[in-house]
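The data below hold one chain only, encoded as structure tokens and taken in the form predicted alone.
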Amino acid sequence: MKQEIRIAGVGGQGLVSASVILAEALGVIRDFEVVQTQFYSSHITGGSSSGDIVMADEPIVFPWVLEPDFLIAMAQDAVNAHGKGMRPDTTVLVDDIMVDDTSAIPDGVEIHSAPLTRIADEVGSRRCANMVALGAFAKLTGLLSLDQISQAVSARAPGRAELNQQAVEAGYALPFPPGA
């Protein structure tokens, strides 16, 4: 099994950090083979940004995400740039405040719109929307339990540990079935 995951949006949303945490959860905690890469424009804050993860149960020969199986889109720019590259039977998770047009995503792609930023605001900081997205990803895909993603968040994001844990738990509590 090989899966390609892209977390995309704009600089300042913590997407690269989220991809590093997700790679640690999948690689160290779940023991998959994992490669994590990242892209951000020279604008840094406000420019395009993404973190990519390739995970597999065998050695990874090619480390780049070309056709994601899963896209977390935290901004409209991410849908516009990456949505058209999604294949049928893949999954997209979009933030319902930051993304209002999913028409760039082809038919046959499973789209989930979730209140990632709203939940982060309720938890206490919009800056933790990336952690809400990680919790939602874990629940939606069934690849990670709440405990597993929480372990990775604790290991990689200790600065505001309690806030980050609340955000991950709130994302995991979103009402979609695990492994949807």
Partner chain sequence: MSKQLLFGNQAFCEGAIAAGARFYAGYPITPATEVAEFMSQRMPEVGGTYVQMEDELGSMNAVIGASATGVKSVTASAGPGMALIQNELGQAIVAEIPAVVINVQRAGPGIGNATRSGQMEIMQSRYGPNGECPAVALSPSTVEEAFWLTVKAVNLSEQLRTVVLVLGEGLLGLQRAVVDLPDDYDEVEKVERPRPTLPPADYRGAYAANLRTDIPPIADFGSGYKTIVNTVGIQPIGGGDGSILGMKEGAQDFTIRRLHEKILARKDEITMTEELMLDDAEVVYIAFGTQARSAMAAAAKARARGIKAGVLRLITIWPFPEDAVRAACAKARAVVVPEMNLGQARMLVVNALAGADIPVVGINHVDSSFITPDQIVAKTEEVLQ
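Bear in mind the structure is a predicted one, so any value in this text is a computation, not a measurement. Positions refer to the first chain, counted from 1.
Just so it is clear, the following notes concern the form predicted in complex with its partner chain, a form of the same protein that is not shown.
Go through 145, 38, 151, 141 and name the one with a heavy atom inside 4.5 Å of its partner chain in the predicted complex. Checking each option against its partner chain in the predicted complex, the one that comes within 4.5 Å is 38.
Looking at 170, 10, 23, 157, which is the one with a non-hydrogen atom within 4.5 Å of its partner chain in the predicted complex? Only one option qualifies, and that one is 23.
Within 4.5 Å, heavy atoms only, one stretch in 120 to 128, 54 to 62, 107 to 115, 133 to 141 touches its partner chain in the predicted complex. Which? Going through the listed ranges, the match is 54 to 62.
Does any heavy atom of residue 70 come within 4.5 Å of a heavy atom of its partner chain in the predicted complex? Because no heavy atom of residue 70 falls inside 4.5 Å of its partner chain in the predicted complex, the answer is no.
Though only this chain appears here, would residue 47 touch its partner chain in the predicted complex if you measure heavy atom gaps against 4.5 Å? Residue 47 lies outside the contact set for its partner chain.
Taking 77, 79 and 83 as the candidate spot, are all three within 4.5 angstroms of its partner chain in the predicted complex by heavy atoms? Per the other structure, none of 77, 79 and 83 touch its partner chain.
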